[in-house]
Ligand SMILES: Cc1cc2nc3c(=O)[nH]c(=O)nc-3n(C[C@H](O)[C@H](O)[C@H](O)COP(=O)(O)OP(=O)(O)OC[C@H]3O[C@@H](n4cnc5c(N)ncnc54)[C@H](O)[C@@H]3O)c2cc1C
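In structure tokens, one chain follows: the form predicted alone.
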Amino acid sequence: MAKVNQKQVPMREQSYAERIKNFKEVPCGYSEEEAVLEAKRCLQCKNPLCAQGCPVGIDIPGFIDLIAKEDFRGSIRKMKEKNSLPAICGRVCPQEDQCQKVCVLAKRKEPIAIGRLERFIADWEARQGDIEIPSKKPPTGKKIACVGSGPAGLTVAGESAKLGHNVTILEALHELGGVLTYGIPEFRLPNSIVQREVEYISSLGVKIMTSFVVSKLKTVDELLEEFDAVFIATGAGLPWFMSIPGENYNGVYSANEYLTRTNLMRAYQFPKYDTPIIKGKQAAVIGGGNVAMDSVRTALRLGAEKTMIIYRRSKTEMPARLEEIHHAEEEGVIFEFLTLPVAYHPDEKGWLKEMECIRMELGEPDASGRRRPIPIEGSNFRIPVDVVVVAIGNSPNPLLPSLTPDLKLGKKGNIVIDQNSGKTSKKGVFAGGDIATGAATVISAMGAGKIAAWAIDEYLKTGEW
């Protein structure tokens, strides 16, 4: 048996000195030669644990083996048997905690770079200018409405269209993609990539209606008069704040607003897009997840001279991807660990001037399994800031559920579903993604979408609920 390379083939990136001045994608992707070399590291296990770690069930050894054989067309076909959004998943899914985590090579060497290879094969197909449209089952005459066009909605739309159903996406905003478009910066997921995947879904025959706010233009009950089934995928769009003094001062944003202004409304292309946003000289982001990393790196690119992450635990407990933390550190972001904001202080005109914080220490683990942060009495101090972005989490979007009274909701405002089907308490209505689980990963939303698509198909065939 040939000796396997110990380490992954590295992916070329923009240098940190260059990338902090632009919003271009940071990683450059594999060349064909690099992808083949990485693919040849795969052991082609008889019992591939990596495939079991994939929420959408991609044949991981299969698509990698085809790359190793330089059959790139065959590889993308194999990929799209299970995943309609590979260019997105290859960029933003946490492979290190899913498929790559259980790779056999991870025990002694570095795991196969599954995400990088997924990205490569999707981008390779796009470069050919010949994106294949898979065969679809004969038309069923059944109509499905997908409310929301994030990863769950796009997945249900694509899978249902391939099953022969007539699908319409109803999107509240003026562009499709949901959190993929408004919540993830260009330097991590270019909008052109999202729109490329959206065009693929559209090419399957899916109809698209934008600026369509369900519950305002039409209720769910009215949709059920027109469609045979409705899938709700409106996401987790209600931002959390900390309820501390001064949160209403000018300069304090939720991550939702900050990233939406920058990503969807193109504030980073001023003056071409005259979207107002406070750029600030000293920017602080509250939180330690991927959204916090996205926000702080956005602030840096918008021109902040000093950017900080304020996190109440230590680096060990941060939920962000290691790659995102590494990129932020390279770019000069300052990390203030074991620190908690307790108040904001303004200047004489009501604009944010300082953030008052308190030092923390870690106690015993809490329900999340991470050590509980405990305030150190009398340790208050102030940090000069003129922009703060609060990135501590989101709740499910409350608009549609609140106006659909017979839809059962959980304590946090999420739509209660059957996890094995996506069925809600209302006949003919399914749901999935963040609206059901709260904020989670792109790939978990896609997994929920696939489960729901199969269940919707079964419901439309049998009428059984």
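Residue indices: 1-based, along the sequence shown. Everything numeric here is computed off the predicted structure, so don't read it as measured data.
Note that the form predicted in complex with the named molecule isn't included here; everything after this is about it.
- This chain appears without its partner; in the model of the complex, the one residue of F270, W240, W351, F212 with a heavy atom within 4.5 Å of the named molecule is F212.
- With the partner omitted here, the residue from I310, I76, V291, A283 that has a non-hydrogen atom within 4.5 angstroms of the named molecule in the model of the complex is V291.
- Heavy atoms within 4.5 Å of the named molecule in the model of the complex map, among the stretches 67 to 75, 329 to 337, 178 to 186, 130 to 138, onto 178 to 186 alone.
- Contact check for L259, T441 and A445: all three have a heavy atom within 4.5 Å of the named molecule in the model of the complex.
- Heavy atoms of V390 never reach within 4.5 Å of the named molecule in the model of the complex, leaving it off the interface.
- At a distance threshold of 4.5 angstroms between non-hydrogen atoms, G158 is out of contact with the named molecule in the model of the complex.
- At the 4.5 Å threshold, heavy atoms of G150 reach the named molecule in the model of the complex.
- Shown alone here, G246 lies farther than 4.5 Å from the named molecule in the model of the complex, counting heavy atoms only.
- Of all the residues from 228 to 255, those having a non-hydrogen atom no more than 4.5 Å from the named molecule in the model of the complex are A233, T234, G235, A236.
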